[in-house]
Ligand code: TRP
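Okay, so here's just one chain, in structure tokens, the form predicted alone.
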Amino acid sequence: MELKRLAVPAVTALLVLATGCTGATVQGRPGASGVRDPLFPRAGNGGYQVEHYALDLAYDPADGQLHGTAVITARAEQGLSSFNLDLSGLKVEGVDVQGAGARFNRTGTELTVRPAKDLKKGEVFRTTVDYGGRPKPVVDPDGSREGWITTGDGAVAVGEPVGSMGWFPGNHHPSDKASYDVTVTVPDGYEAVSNGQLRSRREVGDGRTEFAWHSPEPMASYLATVAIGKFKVTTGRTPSGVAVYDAVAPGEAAGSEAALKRLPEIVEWGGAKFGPYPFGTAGSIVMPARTLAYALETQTKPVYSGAPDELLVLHELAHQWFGNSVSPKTWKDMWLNEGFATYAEWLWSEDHGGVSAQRRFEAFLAGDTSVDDQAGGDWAAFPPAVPAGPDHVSDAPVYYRGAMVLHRIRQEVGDERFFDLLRGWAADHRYGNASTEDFTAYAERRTGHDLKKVWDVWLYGQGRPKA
């Protein structure tokens, strides 16, 4: 993605570079400033893989100021004389690497760090970044807003595809997954919610409360979230023992009640269809209506803008298997997220007395909106494995034609092998990353069928496919 670059005065840059330690003779080389993603080439960074993020944040909705310390534990994949972190806006107040002051400079969304001593290939190193300011939303190529979004009495952080750089420095590409600990301090009376398990909640004085959240399973940074507000919190467990934590804006509580009551049932249903639920916790964050123009499958606790209905909860929970546990290698593999979650909606309907997946597939072919109101849309505008550009990565073909690809596989191989494929895919790629090429090869191997015609016509073919 061509991100807007913010000018950095030359004098300021020189002053920043002059701070910290001067370093030894260069033995490594700079890490790349992007991973050359086909749609968002400047996203992420090269030369290292993050193992863990420890984020310590303080936020007061009254003044909108965010103060943060990020401790990033990573492994060098090459000798590094310098490396980059992605960060949009916010002022960097200091950086150290392995406990020693490091030189750094900013160019747009790139924070370049030069350690006092070169890092060796294979070395596990810790980078600490102190930063703060008033975070601003990140605007996507399609015009949608992400990053740190303020509300009337709080805020929420969402990151698909690159908005997480708007609230913490990191390697912001889904190919680099890590575990997280997120500590958030807010004024008394507010709740602070993040991914995973709430380890502690304690009053720390001066009218503030600290919330500490822990996510042990690998997570792509776009799935990280923090939500701050005066939420109504409810907790429970699914029949199989998965902890449930729902945080709902008071004004959305009545409208959310029916759908969220079905959340434990949906988790159990998904476990039967796709294999064991991949995380230790589940739940939801319901923000005031119109906070966002979309819902997002943030790991373990999807974010909803206003009260969700049952199918939306189903869709975002299906992502916990497809998109969150098994994450895309690049953003052009987005259909592996959205096509799978959309097809999960079709399966849920089929299993609960609604329209069958076959009938829905036929409705899309016929443009029959009496069966599905999305069937009249431009679902065939481009092949789902080849999005037309970064501004089309969330368009209808990625969702609906992606779901139709899966149904075509089901038609070809039969139910037994198809559902074995879904469970095997989720199990064998659990907590990892996968590409479209990985999936097509896996599907043929797992089912024992030649699916080339499905790929050629439905996944990669131009024009409107026919049955």
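What you are looking at is a predicted structure, and each value in this text was computed from that prediction instead of being measured. Start at 1 and count along the sequence shown; that's the residue number.
The discussion below concerns the form predicted in complex with the named molecule, not included here.
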Next on the checklist: At 2.4 angstroms from backbone or C-beta atoms, do at least 3 atoms of the named molecule clash after superposing the site C-alphas onto the pose in the predicted bound form, making the site blocked, or is it open?
Outcome noted: open
Checklist entry - Within 4.5 Å of the named molecule in the predicted bound form, heavy atoms considered, which of 53, 399, 48, 439? => result 399
Next on the checklist: Under a 4.5 angstroms heavy atom criterion, identify the one residue in 270, 147, 161, 328 near the named molecule in the predicted bound form.
Outcome noted: 161
Checklist entry - Counting only non-hydrogen atoms, which stretch in 288 to 296, 84 to 92, 210 to 218, 103 to 111 is within 4.5 Å of the named molecule in the predicted bound form? => result 288 to 296
Next on the checklist: Is residue 319 part of the interface with the named molecule in the predicted bound form - any heavy atom within 4.5 Å?
Outcome noted: yes
Item to check | Residue contact check: residue 224 to the named molecule in the predicted bound form, 4.5 Å heavy atom | outcome: no
Checklist entry - Taking 4.5 angstroms as the cut-off for heavy atoms, does residue 97 touch the named molecule in the predicted bound form? => result no
Next on the checklist: Does any part of residue 175 reach within 4.5 Å of the named molecule in the predicted bound form? Heavy atoms only, please.
Outcome noted: no
Item to check | 315, 334 and 394 each touching the named molecule in the predicted bound form (heavy atom, 4.5 Å) | outcome: yes
Next on the checklist: At 4.5 Å, heavy atom to heavy atom, what parts of 50 to 74 sit next to the named molecule in the predicted bound form? List them in sequence order, or say none.
Outcome noted: none
